[in-house]
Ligand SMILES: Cc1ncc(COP(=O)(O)O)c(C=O)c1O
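In structure tokens, the next block holds one chain alone, the form predicted alone.
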């Protein structure tokens, strides 16, 4: 089937995932980790799929990373038994769920403050084995994490003395670029923990933009999510090419209301509204001069005034999202396209699991 023929059969808007590219991306990350001597613990937040997580394990990953407790519960039910939740777990309703999950799988969690530590301890104080806790460290990204090695060592001591918990190491999400500051943070924290009689067993680093620097922080494992699909941001960051991008949202041209403007059937409910310093909401690789300059919920406004050719009403075009991770959470399913042109649906298993 010709390229234009299969696109015309799509019920748009719909994300289509090229499986040859997915498999190549999974292999590339595993190869990067193997060369650095670092365990690969991929983040499932990008694809939210049981099948794709299994594919990552088959290629050599050891365990998975989840961002929310609900994602981890789903993956545990699917048979995954080595899980890191890389997010502060807080709130009374979550504690019984956490305790139950801890009894079922090899679970590790993170904390960057004493309130979270106290909640975790109360949840698992009577568990059959201690819950492993990593101290989340801010080494320059200024999101979550303790701000200094001294604070990290102090929190590690608090964790290790809390009933039901054991200190297992550090987790960081380094800023993009050279890893010198992050490496120095880790080294100093190791020294301070050793002075307290604490061993840093695990150092978990991550981030697709940091892949060229895997191993540079002294990490023992690496978490990356976006690189299974890649997106426009990863191209700009220099860690992917267009040929490395596996997911495109296919959308139909529904109108040409005036010269220089067309309308798409994909708006904010089908494409990520993250700008990420771009000045438009996605890239049309087959019409590179076009700009998606505005969204409504179900409408994409596209400036085609600079295009040498303009897509016709009814034509199906593809859009590379600025940020692919939110797109997975906008659809119940994606379509997988194999090298022979076969299309099959794949449920986005963890869609909407935000608690």
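Residue numbers count along the first chain shown, from 1. Just so we're clear, the structure is a prediction, and the values are computed from it rather than from any experiment.
Keep in mind that the form predicted together with the ligand is not shown, yet the notes after this line are about it.
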Discussion item. The ligand is absent from this chain, but in the model of the complex, do 135, 147 and 170 each have a non-hydrogen atom within 4.5 Å of it?
Written reply: no
Worksheet item: Does the ligand come within 4.5 Å of any heavy atom of residue 262 in the model of the complex?
Response: no
Worksheet item: Does the ligand come within 4.5 Å of any heavy atom of residue 45 in the model of the complex?
Response: yes
Discussion item. Is it the case that residue 224, even though its partner is missing from this view, gets within 4.5 Å of the ligand in the model of the complex, heavy atoms only?
Written reply: yes
Practice prompt. Look up in the model of the complex whether residue 67 has a non-hydrogen atom within 4.5 angstroms of the ligand, and give yes or no.
Written response: yes
Practice prompt. From the candidate stretches 269-277, 148-156, 204-212, 70-78, select the single one in contact with the ligand in the model of the complex, where contact means a heavy atom within 4.5 Å.
Written response: 204-212
Discussion item. Just to be sure I understand the contacts: of 86, 139, 160, 220, which is the one whose heavy atoms reach within 4.5 angstroms of the ligand in the model of the complex?
Written reply: 86
Practice prompt. Note that the ligand is not shown here; using its position in the model of the complex, name the residues of 130-153 with a heavy atom within 4.5 Å of it, in sequence order.
Written response: 143
